[in-house]
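Before any questions on binding or motion, here is one chain by itself as structure tokens, the form predicted alone.
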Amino acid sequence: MEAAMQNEAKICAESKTESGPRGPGCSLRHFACEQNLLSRPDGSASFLQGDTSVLAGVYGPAEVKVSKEIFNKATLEVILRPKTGLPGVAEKSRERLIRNTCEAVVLGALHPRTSITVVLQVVSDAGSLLACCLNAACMALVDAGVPMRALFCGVTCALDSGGTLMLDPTAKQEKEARAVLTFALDSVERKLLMSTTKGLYSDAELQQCLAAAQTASQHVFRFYRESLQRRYSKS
């Protein structure tokens, strides 16, 4: 049955006419990004994926508390604030995943005994929240001028009961899916930096989702480039 599901699995393309990073065969929702929104952080960015929106601010490299000081690299912290209420277990889990991803690309050895703090505020959650947080964090780190060996992005995939693969699912699609998988990928070799999964899936479906995420990441990185070109263009 798994083999049949694998053969029948396909990526659902959303019929939208929004301009953005999507091209033929890409089912990512519309993207929007604005940098340098906040005055107090060293770098900031607002990232929108469909109706999911996250605001990110980066502080540092700055002075670090002695108790958190690392002698040969920067101390990286991630704080995720929900739309309402206090952070819970889900936010703490996402903070750890985002921190691990950032640590994999940030060149912390260039700023030893300092602190780099990424603060993420959820503005709205309409699905694929972790991926949107990763994208917002990356653009805020770029705005802050934090040295990185590569950019990174997040892509979420969902598998429904029939084995159909959906990229960048909405909250409703995530709720109805039997499996939701989120990947963080770098911009150089599309290497996997982090993954988190929920639900039931086969090894073949995992590889299929990873391959789809790697393909989709090209559209995200293209959007990064276009967004930065628009900002820094002399025209």
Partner chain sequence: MAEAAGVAAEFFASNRARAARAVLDQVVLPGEELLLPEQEDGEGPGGAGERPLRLNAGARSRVRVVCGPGLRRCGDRLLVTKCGRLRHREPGGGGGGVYWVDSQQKRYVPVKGDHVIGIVTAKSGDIFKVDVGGSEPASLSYLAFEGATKRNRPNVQVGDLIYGQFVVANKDMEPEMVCIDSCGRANGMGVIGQDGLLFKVTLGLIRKLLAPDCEILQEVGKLYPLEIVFGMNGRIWVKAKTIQQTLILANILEACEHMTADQRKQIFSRLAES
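Positions refer to the first chain, counted from 1. Given the structure is predicted, the values throughout are model-derived calculations rather than measurements.
Note that the form predicted in complex with its partner chain isn't included here; everything after this is about it.
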| item | value |
| --- | --- |
| Close approach of L110 to its partner chain in the predicted bound form, 4.5 Å, heavy atom | yes |
| Any non-hydrogen atom of L192 within 4.5 angstroms of its partner chain in the predicted bound form | no |
| Contact label in the predicted bound form: T164 to its partner chain, heavy atom within 4.5 Å | no |
| Close approach of P61 to its partner chain in the predicted bound form, 4.5 Å, heavy atom | yes |
| Contact stretch among 127-135, 84-92, 154-162, 110-118 - heavy atom within 4.5 Å of its partner chain in the predicted bound form | 110-118 |
| Its partner chain in the predicted bound form reached by all of V142, V146 and S187, non-hydrogen atom within 4.5 Å | yes |
| Among the candidates I79, V123, A104, A150, the residue which, in the predicted bound form, approaches its partner chain to within 4.5 Å (heavy atoms) | A150 |
| Proximity to its partner chain in the predicted bound form, single hit among L55, C33, I70, L38 (heavy atom within 4.5 Å) | L38 |
